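One chain is shown next in structure tokens, namely the form predicted alone.
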Amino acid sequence: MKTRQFLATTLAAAAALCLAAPAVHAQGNYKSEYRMSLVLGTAFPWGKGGEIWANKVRERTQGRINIKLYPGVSLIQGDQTREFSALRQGVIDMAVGSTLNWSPQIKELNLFALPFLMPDYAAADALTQGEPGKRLFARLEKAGVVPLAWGENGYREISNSKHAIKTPADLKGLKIRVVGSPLFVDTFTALGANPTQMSWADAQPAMASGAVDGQENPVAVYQAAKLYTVGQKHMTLWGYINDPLIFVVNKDIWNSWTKADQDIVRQAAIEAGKEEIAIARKGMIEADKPLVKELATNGVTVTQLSPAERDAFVKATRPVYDKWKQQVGADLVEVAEKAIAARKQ
């Protein structure tokens, strides 16, 4: 009797240990450090978002998930267009990445680069927080990564070292640095410019030397990078595209964590995304736009387009919009157009 009881107790203990094994195994597989890729460092809203996310995760997991930031996409030698592929392959564990940089691999992300699709922040929110955003997250999951939250780099405004840009004709012949996206090349070619693809790491030296005449980026990025010091003295606020960011984890890394830790990482990403968006928009959404006022104090000539002037750029790039609508996916674009039309301003 005692022998049977001993055996039963031993078997029960062994069964309990087996049941507990996956959790123990998962905990044992945690890395001492997780690598988060960022294009921009913590002096920029983008990098700040990554830092906020990493800090929240480290604190809430009591250090089980320790994240180190790698700005300048240093894990892939500064080539931001390779970031998504590296994330899928496991070279990168986590990232706060740009939809523009990832669009060469995920064509649907070109939605956000369709010229003049999103006229205001409410339109951008209608896409990321609505049905288009859900569809894009499903597409990213299908591609083998785990998207958790949206952030924002911001509306991309154009600057140059030559003269004010008020009409498409003013862009004729200007060498404009663009990210490595065929859609950007098409857009600036349609406007008569000479688009030049290069990484952000190469862009500032190119502007300083005069190898390129201009660039397009959010005002917050322009200011943080002090582009007025490399000849970028003319800024036109045209809001032709917005550049959302996505908080993402490599699928294998995600699956190595316990469900409780997955929940912590997801919630931290959602909170960090909201905080990062607020930082990215600060100075641009207030009535007096203090960030724009700062431009003038740095000797920058700011051109604000009238509706009629902006419409000239819209018309000039419409063939590009129509061409890329088919490549992005007409159904997705139409869902996006409806979401924008129904937005609350």
Ligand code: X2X
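Just so it is clear, the model here is predicted, and its values are computed rather than measured. Start at 1 with the first residue shown and count on from there.
The form predicted together with the ligand exists for this protein as well; it is not shown, and the discussion that follows is about that form.
Asker: Identify whether the ligand in the predicted complex is within 4.5 Å of every residue in the set Val146, Trp150 and Ala272, based on non-hydrogen atoms.
Answerer: The answer is no: none of the three residues contacts the partner (heavy atom, 4.5 Å cut-off).
Asker: Determine whether any heavy atom of Asn217 comes within 4.5 Å of a heavy atom of the ligand in the predicted complex, and answer yes or no.
Answerer: Contact check for Asn217: yes, within 4.5 Å of the ligand in the predicted complex.
Asker: In the predicted complex, does Trp254 come within 4.5 Å of the ligand, counting heavy atoms only?
Answerer: Trp254: no, not in contact with the ligand in the predicted complex.
Asker: At 4.5 Å between heavy atoms, is Val212 in contact with the ligand in the predicted complex?
Answerer: Output for Val212 is no: heavy atoms all beyond 4.5 Å of the ligand.
Asker: Against the ligand in the predicted complex, would Phe137 count as a contact residue? Criterion: heavy atoms within 4.5 Å.
Answerer: Judged by the heavy-atom cut-off of 4.5 Å, Phe137 is well away from the ligand in the predicted complex.
Asker: Which one of these stretches, 232 to 240, 87 to 95, 173 to 181, 259 to 267, sits within 4.5 Å of the ligand in the predicted complex when only heavy atoms are counted?
Answerer: Single hit among the candidates: 173 to 181.
Asker: Please pick, from Gln80, Thr128, Thr196, Ser103, the one residue with any non-hydrogen atom lying within 4.5 angstroms of the ligand in the predicted complex.
Answerer: Contact check passes for Gln80.
Asker: Looking at Leu295, Ile277, Met36, Leu40, which is the one with a non-hydrogen atom within 4.5 Å of the ligand in the predicted complex?
Answerer: Checked against the cut-off, the match is Leu40.
Asker: Heavy atoms within 4.5 Å of the ligand in the predicted complex is the criterion; list the residues of 310 to 324 that meet it.
Answerer: None of them.
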